[in-house]
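One chain comes next, on its own, written as structure tokens: the form predicted on its own.
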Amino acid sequence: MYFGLSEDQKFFQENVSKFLDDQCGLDCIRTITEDSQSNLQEHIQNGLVNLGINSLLIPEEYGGLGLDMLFTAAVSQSLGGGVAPFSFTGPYVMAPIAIVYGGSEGQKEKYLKGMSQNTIRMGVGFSEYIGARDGAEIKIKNNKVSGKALFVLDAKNSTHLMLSNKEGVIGIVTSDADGVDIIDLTAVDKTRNFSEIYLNNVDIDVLGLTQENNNAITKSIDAGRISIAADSLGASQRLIDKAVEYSKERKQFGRVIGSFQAVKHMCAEMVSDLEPCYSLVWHAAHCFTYMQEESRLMSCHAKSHLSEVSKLISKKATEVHGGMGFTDLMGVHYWFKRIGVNRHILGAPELVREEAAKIQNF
């Protein structure tokens, strides 16, 4: 039985890839990462939103496309392949899923419609629930929130912040509210943004169902992990493509380096390691919507395995480029850094595998 992407999913994926190839080449990425005053990133973001990827997971009754997680994985794969300077996982994957599973009807009407119209953009901070750290506690009481959230995804230029405490209670605050202080973090991957959030007695709109169970936050994290795994999948494939292309052009000792057995083996190993990952990510995305009993376990497998495989591929692809792979000229480092950061977003492989073991009662 063949399991792969449908024609509609491929259509979405190809449109995103074509847009990035046309509008966001290596020179564009270089300008965005080196010049914080450039408006190129806003242009890219607007273009991608115009393609409708902000509405993929929002139900049709709230103005969205009402598509499933497999569409999201397909799009995320293209974003990773193009190392897109676009924040996707937090505002357009995790946030809508949390509201769908945890919000009241009024909250869905307000936030999901705003997100589909691109008037509301969420930053997401679930780090305390995934792995709390000393001095980073979020306290929610009487519709007020105080504390510090670490490594918040996509808070820059957001209109709202979605935060969670260690019990999994989720609430939403406006980014410009009194008592909210957003500190930008400097990460090696400058195509996306990460922040620390300090809150002092700020009004918070708590998603009602999250006070009763953890279903909303676990589904949101599962969706985020699948999206990140798909992003690393796309980035890994692009690195393989770049390595193979370079090996056919670069000459050493009068021969193209692709003719040397050592280089052939590295390229073959990368392809053989990555090929099974496609079905793993696609199956995890399918399970998210249609096989709920396997969803959490498969999202853990996809995230942890892609983190390891993509790390090895980024290393080998850089080695194929030789010394040029460490320079800015080839741009390999953009994908290398993206994969490195993806490895730790929403849990490093060790933490995610431990969670998978607990799901299976090991």
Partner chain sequence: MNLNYGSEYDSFRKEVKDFCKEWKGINFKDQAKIPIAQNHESYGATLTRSEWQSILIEKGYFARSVPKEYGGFGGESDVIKNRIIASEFASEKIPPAMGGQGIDMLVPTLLELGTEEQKMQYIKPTLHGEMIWCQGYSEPNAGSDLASLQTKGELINDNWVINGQKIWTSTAQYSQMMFCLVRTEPEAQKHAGISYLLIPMETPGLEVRPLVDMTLKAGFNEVFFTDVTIPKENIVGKRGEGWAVANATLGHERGSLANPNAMMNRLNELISRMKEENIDGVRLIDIPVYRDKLITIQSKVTAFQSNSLRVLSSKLNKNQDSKLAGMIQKLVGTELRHELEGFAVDIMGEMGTLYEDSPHLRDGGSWQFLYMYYLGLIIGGGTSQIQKNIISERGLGMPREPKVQGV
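Positions refer to the first chain, counted from 1. Here the structure is a predicted model, which is why all the values come from computation and not from measurement.
As for the form predicted together with its partner chain, it is not shown, yet the points below apply to it.
Residues within 4.5 angstroms of its partner chain in the predicted bound form, judged by any non-hydrogen atom, belong to 258-266 and to none of the other stretches in 258-266, 208-216, 180-188, 160-168. Checked against its partner chain in the predicted bound form, the candidates I53, I29, I58, L70 yield a single residue with a heavy atom inside 4.5 Å, and that residue is L70. For the options S272, N200, N143, Q292, the residue carrying a heavy atom within 4.5 angstroms of its partner chain in the predicted bound form is S272.
Taking the partner from elsewhere, G106 is found to have every heavy atom lying beyond 4.5 Å of its partner chain in the predicted bound form. At a distance threshold of 4.5 angstroms between non-hydrogen atoms, R121 is out of contact with its partner chain in the predicted bound form. In the predicted bound form, its partner chain sits within 4.5 Å of a heavy atom of H283.
Interface residue remark: V244 is counted as part of the site for its partner chain in the predicted bound form, having a heavy atom within 4.5 Å. Contacts to its partner chain in the predicted bound form (heavy atom within 4.5 Å) from stretch 328-362: E350, R353, E354, A356, A357, K358, Q360, F362.
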